[in-house]
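Quick heads-up: the structure tokens below are two forms of one chain, split into structure 1 and structure 2.
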Structure 1
């Protein structure tokens, strides 16, 4: 919030922000008609006050409609931290020594669902459209913010194939750096085991070239697939023959140290 002094329009009060538990200040509210000169005066005064109070960092959440203010902040030492949709976040370290501010997210999370029909020994696979190689793979896509990986797998499988499923376990995690599809960042690719609730295929023709229930034995030996899909097909065959408890990383929801929050823990089940 700003409060402009009526007698001296060029003289503004200081920025009002929310102090976090680390001693930083976050500012989210800016008058839509403030000029760059007025903002420069306000920001300088605010920084002086926050330094006197011992604050160690400042975060400015600037809407895209006021992007001109970012240039003003840059002259006072602010740098871009990240941007999301209609907002850019700038930061300034004011503590001692080098900045200890955390970086923004360095990974994207992709999730695929291996839908296994235990009665037939078949698994649901797709071939992506517009790929250089039409390889069989498990349907999947990127996890959305705040979405559990099991929910991502179920959602993506339904969107791509029309088959409804139920989450069973986590099977594998692949980490890859400098991923071309992640703007040069790192990529985490997780494959979940799902059970089918429906079986009729109605695949998305915009994303998929083909979609089939394929024998796991065929998927494990065919050359028309990716290395990770082939490896997971062998793993699923082992689970089908000897029990999925040998390969599953089951999910358990536990309370977090932050009051009212929970997290999901994936691990092999302990013996009874």
Structure 2
């Protein structure tokens, strides 16, 4: 903890920051009534102190209600690192050379579920309502924050089609950059194999134009689909005929070394 000056931020002449193990300083408390001119003076003095002490970075966590302070910080070289809900985080690199500060999240994650009914050889497909070309595809959508891949697939399939399913395996990953639907960021799309628990379709008319159980052979052959769906249909057909263990990545939970939390790991299943 770095507390050079007064504990009352309202009357401080320098900001109070917390030093991390990389030599960065994080400031979370700001005098709520400070004028922009005064903040400019205080921030300048603080930066001078931190530079003298060899600090390499400064992070400012500014509540949206004090956003005017972000404009002041920008005149001293700060930029937005990220912002969520009611808080922006600004950063300034003071080390040598180019910034080595880690960036913020770069990818949105979407998951599609290929629900294969092994007894009939059919797969659950939808046509999106808002697209120009009516192509058959697997139901799916964006992961919610903190949601596991398999959970997204099961949730999205149910929301779009009314069919309840369970996760079986991960089949494929697609990476795309500068994605128009991702605010110019990157998109990671994962396709899972699911098994149906129910079969009756009750599809979401807001999102889908059609929803059907379609023969996998038909989906692998038709031109009324996307290249990725066609490719996955061929892969699933191979799995249906020769065993899904040829195409599956199995999921397992393993403990993280440092945090003690568990993570989900996907790879080819090793022979016992």
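Residue numbers count along the first chain shown, from 1. Keep in mind it's a predicted model, so treat the numbers as computed, not measured. Throughout, rigid core stands for the largest set of C-alpha atoms superposing within 1.5 Å between the two forms.
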Exercise. Does structure 1 or structure 2 depict the form predicted alone?
Worked result: 1
For this session: State in degrees the rotation separating the positions of the smaller rigid part between structure 1 and structure 2, with the larger part superposed on its C-alpha atoms.
Result: 17
For this session: Please state the CA displacement of residue 28 between structure 1 and structure 2 in angstrom, with both forms fitted on the core.
Result: 4.9
